[in-house]
Ligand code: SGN
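One chain comes next, on its own, written as structure tokens: the form predicted alone.
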Amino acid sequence: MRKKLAFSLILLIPVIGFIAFKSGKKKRPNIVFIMSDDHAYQAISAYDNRLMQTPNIDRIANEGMLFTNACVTNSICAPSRAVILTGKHSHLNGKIDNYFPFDTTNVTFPQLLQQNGYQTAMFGKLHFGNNPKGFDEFQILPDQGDYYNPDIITKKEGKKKLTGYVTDLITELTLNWLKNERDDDKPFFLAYLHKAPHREWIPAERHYKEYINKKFPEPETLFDTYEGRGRASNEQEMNLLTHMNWAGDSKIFPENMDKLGIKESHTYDKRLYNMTVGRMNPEQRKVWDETYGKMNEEFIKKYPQMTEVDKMKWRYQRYMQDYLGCIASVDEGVGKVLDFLKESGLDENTIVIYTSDQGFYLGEHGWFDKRFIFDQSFKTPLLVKWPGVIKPGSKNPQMVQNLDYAQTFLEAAGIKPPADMQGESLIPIFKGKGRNFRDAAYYHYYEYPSVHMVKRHYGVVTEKYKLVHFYYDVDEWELYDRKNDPNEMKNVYNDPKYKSVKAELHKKLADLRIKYKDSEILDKMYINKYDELLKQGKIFR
């Protein structure tokens, strides 16, 4: 009875806020939330134009605000999405990794928006749960989804298979809803969620034909040896040369691997290639085989003479060609949605957000994937425009997190957030008033031992420093000077010059653990639960 009463009170609070908003004169804004999966900020030209141009995503920054220090609380797909939806850290919402189920008793911000008069819709990749709560309409990919001819789970028609390229299809579904299914009398929240550029990086035909011939600049840390750093950096399994799949990722045909005597990087290497490319229809497959067949022929000629350095360089280029080729379609889709908002006049009262569920390594430290607290994984793109509120062309360096999105959307809608949400509204920053917004960010990663073998760790990050504790099968501390060592190559934890900094960060970390209600007790509880899943063989290695 008490639980039901408490839940009713939680739902009543935002309703009161909604009534108060309705009594005012200002019309509530629409919200278009655009999120891609694993989109590195390095691959958005508004951040860095050395790899590619993203003119449409850049439009959001040009017309609004670019956040240069946005970050996540837990750099892995499903947990990041759970944090965004609930406004709570992973240890409280329960979705600590990709294995633990999402606790559906969590109250999410789309539910509150829906209950308070917003029309809500979601199209694309949610990654967990097939029936998202709080949405009037959804059409989502099951689990990771497929790049070609994907299955879609719908609210009204059940499961169906679509023909075409996933990024284009998600954009079409989104535009159809905006044009034909939206209620003109209601404000709306629209989640436009891309699968791309998630592994295994299969671009649209129009882009792989172009990008397979491109060459990209290498990161200066591509051949990092992790000297002077701990076991976490040295024992990870996300190196481009040794851990990336030859067939599934680099697109070497399985029969050519056999011909060259190349062993699978993982037991699922060839299988993933056959599963993903195997979804293509004969017409799609014919063009794919012709284009990637030429690349394979050239590789067969070169491979016998290639050194380890040559192979690493080759694999980096192959990775970038497909990864960036996937993003090209995303940028086109974003452009189409922005164009419609402008043409229809909706853009004048619509908040548009572009972000990713986390950052991603594009060869830095020799890595792909994410998970670490190090910058390319920890930092995420965040671009926001809101006409009349955000000054066009603004840049903000403050430490905002995906934890903050829920409160931001609720405040924009005039809804008081539940007391257990842990983020902060970004609206003061939008208005140019949010100075000293957050002096430190808290991070906690859990999924170990598992794919990529990045050890469990938690830490505190300020604009100048980063303190990390790796635990579970190790007990190691690392400290990085973000200003003087932006590539995070030197652990200065035991450097006497940083004694006072270390002491200050230890205290700040302890305070944040208390503030966000994290603890060693919770660490041990989640370890025990995870170990039980390992014993049951439910963890993918």
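Predicted, not measured: the structure shown is a model, and the values here were computed from it. Note that residue numbering begins at 1 and tracks the sequence as displayed.
Omitted from view is the form predicted in complex with this ligand, to which the following refers.
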#### Entry: Location of this ligand contact in the predicted bound form, chosen stretch of 169-177, 367-375, 329-337, 466-474 [non-hydrogen atom, 4.5 Å]
367-375
### Query
If you check 452, 207, 279, 271 against this ligand in the predicted bound form, which one has a heavy atom within 4.5 Å?
452
### Heavy atom within 4.5 Å of this ligand in the predicted bound form - the one residue of 152, 77, 122, 362 that qualifies
77
### Query
Can residue 199 be called a contact residue for this ligand in the predicted bound form at 4.5 Å between heavy atoms?
yes
#### Entry: this ligand contact at residue 127 in the predicted bound form, heavy atom, 4.5 Å
yes
### Query
At the 4.5 Å heavy atom threshold, is residue 37 in contact with this ligand in the predicted bound form?
yes
### Task
Mark residue 115 yes when one of its heavy atoms lies within 4.5 Å of a heavy atom of this ligand in the predicted bound form, and no otherwise.
no
### Query
Along 95-110, which positions have a non-hydrogen atom within 4.5 Å of this ligand in the predicted bound form?
98
